[in-house]
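Only one chain comes next, encoded as structure tokens, the form predicted alone.
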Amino acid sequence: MYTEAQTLEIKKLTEQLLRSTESMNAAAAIESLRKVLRFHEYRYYVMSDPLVSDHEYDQLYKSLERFEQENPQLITKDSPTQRVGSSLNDGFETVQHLVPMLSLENSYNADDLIDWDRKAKEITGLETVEYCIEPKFDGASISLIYENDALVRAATRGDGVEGEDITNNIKQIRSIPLSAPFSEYGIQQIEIRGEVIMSKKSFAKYNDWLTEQGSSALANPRNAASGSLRMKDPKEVARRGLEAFLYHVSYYVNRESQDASSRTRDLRLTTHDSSLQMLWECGFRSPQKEKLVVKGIEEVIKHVHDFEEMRDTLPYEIDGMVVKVNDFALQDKMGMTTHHPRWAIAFKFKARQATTKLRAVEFQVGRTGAVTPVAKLDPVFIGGVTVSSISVHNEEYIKEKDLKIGDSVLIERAGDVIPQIVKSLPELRDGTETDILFPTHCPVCNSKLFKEETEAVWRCINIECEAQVVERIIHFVSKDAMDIKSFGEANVRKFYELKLLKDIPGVYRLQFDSIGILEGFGKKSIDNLQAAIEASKQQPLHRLIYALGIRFVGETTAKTLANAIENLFDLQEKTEEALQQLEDVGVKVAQSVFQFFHNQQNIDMLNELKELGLQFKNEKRETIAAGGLAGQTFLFTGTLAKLKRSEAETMAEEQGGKIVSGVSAKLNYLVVGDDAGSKLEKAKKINTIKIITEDEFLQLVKQ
């Protein structure tokens, strides 16, 4: 979704916004904050690979909230403050939660808790409020539905309204009962929330097994748990030894009432504490032993600080404590915002930190020539993993942190995930430290480095630089590009080192006889590789454009460019001004595309690829231009019965239709499947959107 250049740009913007937003006008600050928050939501929820700590994200979020509160006329429906978050992907069927899974408001100090307690007392009218405190488990959120005592569905948190159906995987977790005696409590249907975790012991054991298999160890228990839930093979999920804590009853229907409108709490469940007791008695691992009920915020503050001191003695990772108003009636009275319940707050523990020595800095060259410094440290165990390398981003970052070779440095796993250097400790210097000298020439090919005035990144602009060549080939054969199966990064590097591959056209000139003598390459694997390479020649034009690795050109932009031409070389004839007329093509993209197609080395490479038989014509363009859906926009929501969503999108595109990412006045058709959620409700409010079923869509395509 985001290119390397876009990622670097947003990382830089994030750092600027974390430093200060005071000098920015409201409109500019709001736009920038929304941009970086959407990016970091994508990295956290979809990629499971966050680039900032939870604390830093919360800082950005609170800054946006503040600007929007001061400038309500600038609030838009698609602002991150107006929704819950997003973590849906195409790997699993999407289902709707019975009740939205909201986020929690975060606090980091006693003052935050005192202020939250003040608001709670104002709303409830009480002088002292009773609270229930429980650990904030560091895993992956889940929602379970039981009907007539049987587990019928399990889902990820997703975007808070819809999640991914992971029922088969959840059944592999032995601490989650497949049936529970809710009927003894008069409950017919119930939705409960919890967290899937991997204990420290299971995490270490599984990483040992991975190492024995010759695979890379996992980064941390949280990512291990989150990634496990989306695995295709339930047996592999079972292997990981996952556990689950269930800690919240979000909804239930009493057995004696068959009326869907009469969904009230059982009188025995009047408090959060009593609901945890019920879950425990029904066989769930609820935080019954870990929780504490207290009166007044002073007791809360004492307990959360005491618990922070003992966090390392626990068999699992936690990153804070959750404080909830205990009485359900008071919870209902306090209500919730669109983002979080007012009756609960998360107290986040301090990020894990440690000191170590910075021994060296290595400079790595990426696909676009970006030179990234990587600090090499004395290995230090922190937050469950051993850290020995940390990216220090760019030259400006090194200067800002005042880093020197030989420094003692304070590092932390921000949000318990991404290691970063907090600061150097100059008071510990003994005079042997040396400055970090950023290279003036490429560490791989020795070409002079170049830095644009608007960027913080130094680049090698020699497109024949070996490091870039290898990275470009890796990108070219990757799944989202030419999708050459069996031709992964390891094989690219191996073939390049053995001089069997030197550039992108070389992919189609591989000498399979030479590969056949290599260890691990039998006849079947070579036949598969050869077939995949040959099949890639028929990939559509937009994939080839994306595979070329043109800076700033992602998959969506590649489709835009492909739809605007009949032949790849048509882009050579387009001016920067003409390119900017295309949808979502700005100045930077236009400049990059123009420069690529006016570089003779690139043109020579394209001529080679054409001679080798790759698809340079946009064969679908004529069909698209004449298609009955030309100019119409489509969005699919819910579960389709006859088609995969990707198949339906392709059918629309083949008839000239365009797929959009969200509901807006620009949308023409919303195609609705089973369990359609928030998109449907939004679409109903816009009169110009036509809401149709899957069958109606198929009929539309036929016509």
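Just so we're clear, the structure is a prediction, and the values are computed from it rather than from any experiment. Note that residue numbering follows the sequence shown and begins at 1.
One more form of this protein exists, namely the form predicted together with ligand IVH; it is left out here, but the text below deals with it.
Listed residues Tyr252, Phe495, Tyr316, Trp343 were compared with ligand IVH in the predicted complex; Trp343 is the one with a heavy atom within 4.5 Å.
Put simply, of Arg472, His248, His97, Arg240 only one has a heavy atom within 4.5 Å of ligand IVH in the predicted complex, and it is His248. Partner contacts here mean any heavy atom within 4.5 Å of ligand IVH in the predicted complex, and among 320-328, 396-404, 601-609, 472-480 they occur only in 320-328.
Although the partner is absent here, Thr556 lies well away from ligand IVH in the predicted complex, with no heavy atom inside 4.5 Å. Using a 4.5 angstroms limit between non-hydrogen atoms, Ile382 is distant from ligand IVH in the predicted complex. Using a 4.5 Å cutoff between non-hydrogen atoms, Ala564 does not count as a contact of ligand IVH in the predicted complex. Among residues of the shown chain, Ser103 is one whose heavy atoms approach ligand IVH to within 4.5 Å in the predicted complex. The partner is not shown here, but in the predicted complex the stretch 131-149 reaches within 4.5 angstroms of ligand IVH through a heavy atom at Glu134, Pro135, Lys136, Phe137, Ser141.
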